[in-house]
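Given as structure tokens, the chain that follows is alone and in the form predicted on its own.
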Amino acid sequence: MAMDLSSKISRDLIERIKEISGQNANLCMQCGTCSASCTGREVMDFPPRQVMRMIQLGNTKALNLKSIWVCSTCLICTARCPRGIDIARLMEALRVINLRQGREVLVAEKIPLELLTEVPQMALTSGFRKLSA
């Protein structure tokens, strides 16, 4: 019975990601073009290709990856994907699921005051839109 429960969770996650992103992760053929193109792969815990595989499998560990928050949504992976998958939207869907569950990465009260005075307001606004609920 535990196996049935885990497979249900997997299908639920796949469907939620598809509903939010409008993308079908199962179109991915794991060519690795997204990872080769990614400007943030050096600081990611898993490159985009592996994140895509986790999404395909409905692996809930994808929700806890540093990679989904590091993704700058530069769209290079999306532009170069031979299958036309908007990978940035899939990453965004994982962030949205986290934020809807109350998992914030950026909390205003924890930002050091000196950083608030040095960082451009547009960067702060962008960070809040991406990293907080």
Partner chain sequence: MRIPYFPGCTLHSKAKGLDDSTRGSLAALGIELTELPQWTCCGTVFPLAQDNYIGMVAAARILANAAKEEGGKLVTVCSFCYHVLKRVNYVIKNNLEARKKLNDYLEENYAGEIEPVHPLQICKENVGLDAIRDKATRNLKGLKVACYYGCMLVRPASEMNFDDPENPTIMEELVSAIGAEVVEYSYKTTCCGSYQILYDNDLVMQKVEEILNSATAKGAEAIITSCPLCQFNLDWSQEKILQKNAGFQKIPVLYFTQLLGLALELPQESLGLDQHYVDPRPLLVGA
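Positions refer to the first chain, counted from 1. Everything numeric in this text was worked out from a predicted model, so none of it was measured.
The same protein also has a form predicted together with the partner chain, omitted here; what follows describes it.
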Subject >> C71, heavy atom within 4.5 angstroms of the partner chain in the model of the complex >> reply: yes
Original post:
Do G40 and the partner chain share at least one heavy atom pair within 4.5 Å in the model of the complex?
Top reply: yes
Original post:
Would E114 count as a contact of the partner chain in the model of the complex, using a 4.5 angstroms cut-off between non-hydrogen atoms?
Top reply: yes
Original post:
So in the model of the complex, does M29 come within 4.5 Å of the partner chain, heavy atom to heavy atom?
Top reply: no
Original post:
Every residue in L57, I85 and G102 with a non-hydrogen atom within 4.5 Å of the partner chain in the model of the complex?
Top reply: no
Original post:
So which bits of 88-121 sit within 4.5 Å of the partner chain in the model of the complex, heavy atoms only?
Top reply: A88, R89, E92, V96, R100, V105, L106, I111, E114, L115, T117, E118, V119, P120, Q121
